[in-house]
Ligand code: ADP
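Here we start with a single chain on its own, the form predicted on its own, put down as structure tokens.
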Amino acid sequence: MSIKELPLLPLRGVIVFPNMVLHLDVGRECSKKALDEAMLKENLILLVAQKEAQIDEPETGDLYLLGTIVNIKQMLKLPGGTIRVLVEGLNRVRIKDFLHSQPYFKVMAEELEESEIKTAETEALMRSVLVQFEQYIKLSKKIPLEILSTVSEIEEPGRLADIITSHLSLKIDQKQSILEAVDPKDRLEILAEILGHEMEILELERKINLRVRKQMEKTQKEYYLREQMKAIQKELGERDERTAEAEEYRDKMKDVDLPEEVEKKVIKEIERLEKMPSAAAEAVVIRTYLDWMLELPWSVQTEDRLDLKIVEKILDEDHYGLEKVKERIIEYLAVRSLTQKIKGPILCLIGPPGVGKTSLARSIARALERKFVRISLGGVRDEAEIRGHRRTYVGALPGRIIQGIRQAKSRNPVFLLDEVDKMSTDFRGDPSSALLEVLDPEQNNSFSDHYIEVPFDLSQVMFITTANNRFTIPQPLLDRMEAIYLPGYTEEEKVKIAQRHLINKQLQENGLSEKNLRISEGTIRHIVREYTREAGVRNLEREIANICRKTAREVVKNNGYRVTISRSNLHKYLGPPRFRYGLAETENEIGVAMGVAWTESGGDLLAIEVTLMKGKGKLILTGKLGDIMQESAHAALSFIRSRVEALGIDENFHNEYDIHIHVPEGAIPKDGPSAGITMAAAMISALTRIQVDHQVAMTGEITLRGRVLPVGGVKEKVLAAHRAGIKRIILPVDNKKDLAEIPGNVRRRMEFVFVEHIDQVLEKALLKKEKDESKESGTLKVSLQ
């Protein structure tokens, strides 16, 4: 070992090993001064790496303490003041002491001698390192293969390790660790460990690159091949229609954000189309299928208007009344504004014709700023109308649900399924069963149409169904929907609707203005009372349209014609009144009781007539009565026979008289148990010869013990009685809760009598007799007790 005083040159980002020859660019002033000092003394200088390459003016603590002494072979001054130096590494040197650091580093350093003894273990390490280095060259492809042959000829273990390390892309601290390993055996072991680690990383990089390349190669290969085909066809002056068509579909596909599963399906069909002759029948089927798939709004949806005040205002502008539905929509939006994960509600609007179910759905879409789609299910009897046909059928198409979504061009429209109670079933399947998946919030996020063959998400669609009668809707289907009942309008509501909506609408449709025609409120009320009898407002609108048409004719004949419709001249436009408004019956009668019934058009008055004839106790029922209504008549008769003594009726009346019960209008089917107390009151009136109060209407089911059971449709029945001018209505006591649904102005004008037993009915419905009256032959002598 020898100790020398040497100038020191700090290196940034590079380490020089013994036996290496390389160029260095020197720019720092202290380094230049160190070079000048070295040129004066044997051309020797010590090269030591900095621990941090970013430091411009290193201190003694920023330098490694082991470096390489080099011989300066050549110096060349470059433009800009930089000096390029050619150096050759001689030997490892350890710094013993720093003599000074200004104006350059000067140190006391000792040379380190390497052992030249070559053992079997060292030989094995050399071979192992050479094999690893060969594999490294093959994987990295950054080192020329010629280096391997040069390195293989080196016999000295230390020099072999130094040369291999100098060609590796390693971090400074890794190279420094090899430089500091003075013993060749230790150096080879460190190098073998580093090479092993680098090989693992290179192998992982190779696998990752291979995976990425495989994914890219297919697309790139297809692209290049297609471009080559296009170029060849262009040169030959030919154009392959199949390729052009497939390219057109691929371009369309890029513009549509398709789910992964759908995209795979579309690509597969495009590839099939590309291989087929353009005139093939199957090609037409594929084209139609692709058109459908690329036009469906897989990811397109509209933003909901969540301002509750604006929505409420729009709903009130479009419809008068209908508070329950409006309240439900506001609730939906309130929840939607708090959470974005709510599923589309499924509402079922049930009510008589003409009350605004369909127009209400359209109004909801306008309020929410959603697209609106309507399909009618009336008369649909084929399951494929809902789910679509499979593509194997000629002329196959998707079902009406998917067709509606395509029409809306949005995946979250308001979707109206009109007349859901009018579907029927035959050998082609049950469409109501197919609707179960559509209208189930837990299933419709993956609705499967037979035609498109991939699931479509319907969970964001707001489905609204309409029906006139809940009893004809299959129970499983009704269970999946939120039923909202829309009763008929009251007289006041009809007048308001006509003033706010119907008159303005008909004036516009008939080319009139308010200057040409004026209809007073009293006239509208008169039209409602004497020219219409309905739960909705369709006939009312027709009558207003009739007036507008006749006015339009006069306006055309006489320019500037203006007319005011009043009750006195209404008959000139609409003819004589069609219905009698006021008292249902003008006077009290024996054997005639007024019942109220519920129909699809709302409520209606039902006059039940009973007459006695000489006979043998036969009960005759006419008026197209259903089985349940006939059973109610028999139950009422059995009750009367069990109470003859209390009612003051001859106990042998059933052996001497036939009882005929008739319910006008005979052509209209009637059924249900709610006429039970009405038939009982009419029969008791006929048997006791006591008149029934004509201002009383009643409804309720009767039992054999005379108890009165609750019935349905109370609101519609009360409104019908009110329309007919009835002052008092008898209801079962269990229906008292239904009064909350009846408008306040109707409740104030009518008297409600709640009963539990038929005796209470008779007390209120039959007029009291002061004394028995003997009538002509064939009558009974009875009195009401």
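Since this is a predicted model, take the numbers as computed values, not measurements. We number the residues from 1 along the sequence you see.
Keep in mind the form predicted together with the named molecule is missing from the figure; the text below concerns it.
4.5 Å heavy atom contact, Lys505 and the named molecule in the predicted bound form: The answer is yes: Lys505 has a heavy atom within 4.5 Å of the named molecule.
is_contact(Ser140, the named molecule) in the predicted bound form, heavy atom dist at most 4.5 Å: No - in the predicted bound form, heavy atoms of Ser140 and the named molecule never come within 4.5 Å of each other.
Ser359, heavy atom within 4.5 angstroms of the named molecule in the predicted bound form: Heavy-atom contact with the named molecule at 4.5 Å: present for Ser359.
Phe98 within 4.5 Å of the named molecule in the predicted bound form, heavy atoms: Because no heavy atom of Phe98 falls inside 4.5 Å of the named molecule in the predicted bound form, the answer is no.
The named molecule in the predicted bound form: contacting segment from 532 to 540, 629 to 637, 296 to 304, 188 to 196, heavy atom within 4.5 Å: So the stretch in question is 532 to 540.
In the predicted bound form, the one of Lys371, His319, Arg411, His660 near the named molecule [non-hydrogen atom within 4.5 angstroms]: Answer to the contact question: His319.
Listed residue that, although the named molecule is not shown, lies within 4.5 Å of it in the predicted bound form (heavy atoms), from Gly591, Pro352, Pro157, Gly706: Filtering the options by heavy-atom distance leaves Pro352.
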